[in-house]
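Just one chain is shown here, as structure tokens, and it is the form predicted on its own.
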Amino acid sequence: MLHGYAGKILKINVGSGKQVAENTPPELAEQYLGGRGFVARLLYDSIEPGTDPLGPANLVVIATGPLSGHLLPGSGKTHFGTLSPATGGYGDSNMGGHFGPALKYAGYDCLVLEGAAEKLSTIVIDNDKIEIVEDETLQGKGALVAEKILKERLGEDFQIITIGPAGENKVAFACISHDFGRQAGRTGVAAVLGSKNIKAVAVRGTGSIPVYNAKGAQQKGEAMYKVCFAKPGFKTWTPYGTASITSWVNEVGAFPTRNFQSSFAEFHNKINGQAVVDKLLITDKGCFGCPTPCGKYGYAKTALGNAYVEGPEYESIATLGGSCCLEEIEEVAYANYVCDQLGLDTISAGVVVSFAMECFEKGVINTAEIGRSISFGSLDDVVYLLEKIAACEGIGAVLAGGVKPASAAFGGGSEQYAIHVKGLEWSGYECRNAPGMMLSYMTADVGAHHNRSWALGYDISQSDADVSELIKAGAGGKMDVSSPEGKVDHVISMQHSRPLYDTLGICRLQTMEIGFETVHYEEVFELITGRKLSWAEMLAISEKIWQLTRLFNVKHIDGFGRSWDYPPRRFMEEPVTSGPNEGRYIKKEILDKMLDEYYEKRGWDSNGIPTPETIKAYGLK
């Protein structure tokens, strides 16, 4: 018996209707733990090179971790993965809420979807009863509306994930929605569900999870909650959630503004965490088992309409607010709501819209192509473009692929304004004075995503660098605050620790935001699974997964290598236009030096490919 796990992997071919529930292999749990580890291994083994991300041979893997669904702080995490339509390589996204625990209580550690249904369908999992229900009445329905309809139809005790019109239309950055405000946003997993004609998955689970030492795990879980409540950061973090960092990021000159032309917004106090509380908040909203609810459920009134919405989170504030220059929190929240309903990742959506605005501002595209004039700071223009993108209509059909293919289509030097790595749009930190954070984005396996390594705080803490030494090293502009020296080790360390939480199936925010100690996870992991692993041993497993996802990209992306790890030329050539980091940028020579060191420490060759010796050392093929 696998203690801590549900014990089954459910595989469904949504085209043929074939269903197979296999035992979760003990060696898979031993070597990859769960969550992100299960996703990476199952995808790598099952998808052949040359597979069309939007074809029936692609898979969607939904996986829980060994700590998912137990009575522990933040144990509601679920991991989603696929061959990404945004990048053509490894894609995954992590989501809170209640879906993962329900899947485990139904008896499954993983759900693997393949094939494609003929008509729009919903998968209904009621413990061991599984149905694929055709229902074209949900066609075109917003993600939030579809969830409400299914809740009313099936019952409140079903946990449901849905896609919006953007997923149905296979927009490359379409997202999965759950619990009226939780999203698996990145890498376009919802587009793959859309290509399979799956509008929703609904799960009800009433079973239990075998626990090695049930009484001990219960006592430890209760103790873990008490530790969280006693942390000094508990009372400062919880009231504002992720929006709390908005003004700090702006003050250090890392807040993306006007499509990352600048890193400082004069209007930051109108869209920060305090503004969320003062102008939107109705109540806090948490995920399964959460002692520190970062979700802020509120109501926004705007000239375009009013909406109940969860958020906006920091990333949505940064990309929809900062990058698109929406200067009122109500407008940011409304744009957030539109994205949620359409089923668009707010991070990529904000970057894509602001990219289009800059292209129009600089004459790369015109009113005839767009259908109207557009400008930074206009909520009406933001919503117009979001709706066009979700419908793949007019200019939206070009933007629906993301900034990388859109810039190739537009030409006119617009690749300079296309803010991405590996085809995935940049999340909410401008990095021309933060080399550690820049390297984090460059080397993230899914593309430009902060989830893998948040090194900005470390960059700022190392801000006493010697200016003359940086100038000698070839730093661009007035690169006089944060040295690139010593950043590689920190980035690598974070790339093992942050994704480990996604592997265990637990939220990282208790540790990252209020200082919850990792030793508690070692202790509760042993009580739940019966397996004694130190945090260092868990990190070694996370490191192995990192090597595997790099190999996934090598396997699936023609010509993959060093060139895929560079940021847009803007960050290497254009100085920041205003704010505390005005005039700064990071020259390519500096980035190459960091990449060389990073590759060497990873055991990769100069092109960023794992060497045969490294592959063998990690027990991979």
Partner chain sequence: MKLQVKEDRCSGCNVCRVVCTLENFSTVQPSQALLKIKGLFPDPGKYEIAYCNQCGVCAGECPEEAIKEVNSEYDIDYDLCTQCLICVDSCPFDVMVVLESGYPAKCTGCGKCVELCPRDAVLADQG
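Not measured: the values here are computed from a predicted model. Residue numbers count along the first chain shown, from 1.
Another form exists, predicted together with its partner chain; not displayed. Remarks below refer to it.
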The one residue among 80, 288, 264, 501 placing a heavy atom within 4.5 Å of its partner chain in the predicted complex is 288
Assert contact residue (its partner chain, in the predicted complex, non-hydrogen atom within 4.5 Å, options 384, 360, 297, 410) equals 297
Only one of 131-139, 391-399, 227-235, 428-436 sits within 4.5 Å of its partner chain in the predicted complex by heavy atom distance, namely 227-235
**Asked** Quick one: is residue 53 in contact with its partner chain in the predicted complex, heavy atoms, 4.5 Å cut-off?
**Response** no
- prompt: Using 4.5 Å between non-hydrogen atoms, is residue 308 touching its partner chain in the predicted complex?
  reply: yes
_in the predicted complex, is there a heavy atom of its partner chain that lies within 4.5 Å of any heavy atom of residue 215, even though the partner is absent here?_
yes
| Should residue 156 be counted as a contact of its partner chain in the predicted complex, where contact means heavy atoms within 4.5 Å? | yes
Within 92-111, the residues having any heavy atom within 4.5 Å of its partner chain in the predicted complex are 98, 105
